[in-house]
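Take a look at this single chain, the form predicted alone, given in structure tokens.
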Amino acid sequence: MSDTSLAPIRAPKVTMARTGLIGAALIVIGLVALFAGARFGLMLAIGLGFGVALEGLRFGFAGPWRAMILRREPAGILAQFLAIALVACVAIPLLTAHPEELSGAQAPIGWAMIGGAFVFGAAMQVVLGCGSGTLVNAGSGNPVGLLALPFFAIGSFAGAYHLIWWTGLGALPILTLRGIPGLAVTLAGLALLAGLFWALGKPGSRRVPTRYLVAALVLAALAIANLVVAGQPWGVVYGLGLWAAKGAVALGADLSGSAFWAASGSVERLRSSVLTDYTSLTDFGLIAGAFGVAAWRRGGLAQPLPSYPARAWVATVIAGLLLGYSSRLAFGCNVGAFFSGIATGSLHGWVWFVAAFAGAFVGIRLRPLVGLEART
């Protein structure tokens, strides 16, 4: 029997499955809105949007950095800069006008932050996924992402546990850009970076594909919605650490010895449902959105287990732990520090990008050494 003759039989099943995916997403969003509140249901919907956009448009952060370093293809990074610029045009004026209602991704620049960003940049190239990338990879059924994710969460919890000690090593005061001058400086800096990467790019590979432009527009719109609805910018790492912290408490762990987890805000979140934590909801949405896109595609979840050597899986576990731990020291990942940091006027976002990009060179060289196939 030919493939053509099978099409009429398979099509209704595919349509029903896709209708089921959409229906399930709407039901879950409705249930969260009903039991936790409309704002939390909306945050889950925003998270789903992030997951669908990143997986559906094959866009991310680690991949474009790798493409630039290995092949001098700047298109992905240029799209990232565009998305950040679009968010900054809305976020910085909003933060300036409503400082008590909205908060940015501000953090101090210090030794731990710089070192954490460097380690994160290396580890994310080992597993080919940053914070959002690891969630998307896990949601789409990628075996490396599935293994790295729980250790990312454990590492984030541990990094937060020790965070105050690390920041005590020395840091500058939090420096932010606000108002029209701050926005102008941010846009000028992004334009300079874009020009630099464009100039370093290989001729013929500088054009930004349409899907990257669409991804930049969609991510910017969702990030702005995240800021307005949650009152805080898009982030990833805190939610993962909170999940591990809740697990530790459930197992009887005493977190009072950590200045971070013993703080009143953290204690309140540990006692509350994860369905009332904005970052957790967007993280759940990222995973579910990526799962939905992968399931939408025929055979999207049928990923065979790669034939990596044992050391590759050990390296994945270690890299997952380092991703979580280092991102807490660096006050975020590509999303919380780089994307949201720069977009909301925090100078630490710029320093984070430089340190993490330098670390990416190391991670790219480590990947084949630990038995993970080099992908270009």
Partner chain sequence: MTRRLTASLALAGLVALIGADLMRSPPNPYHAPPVFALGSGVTAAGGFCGALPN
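Model, not experiment: these values are computed from the prediction. Positions refer to the first chain, counted from 1.
Another form exists, predicted together with the partner chain; not displayed. Remarks below refer to it.
Think of it this way: in the predicted complex, the partner chain has a heavy atom of just one of 271, 202, 211, 207 within 4.5 Å, and the residue is 271. Checked against the partner chain in the predicted complex, the residues 255, 194, 102, 187 give one hit for a heavy atom within 4.5 Å, which is 102. Heavy atoms within 4.5 Å of the partner chain in the predicted complex belong, among the stretches 103-111, 116-124, 176-184, 71-79, to residues of 103-111. Using a 4.5 Å heavy atom cutoff, none of 56, 151 and 347 lies near the partner chain in the predicted complex. For residue 96, no non-hydrogen atom is located within 4.5 Å of the partner chain in the predicted complex, even though that partner is not displayed.
Within this chain, residue 159 is remote from the site of the partner chain in the predicted complex, having no heavy atom within 4.5 Å. For residue 169, no non-hydrogen atom is located within 4.5 Å of the partner chain in the predicted complex, even though that partner is not displayed. In the predicted complex, the partner chain stays beyond 4.5 Å of every heavy atom belonging to residue 27. Residues of 229-250 placing a heavy atom within 4.5 Å of the partner chain in the predicted complex, in sequence order: 229, 230, 231, 232, 233, 234, 235, 236, 237, 238, 243, 246, 249, 250.
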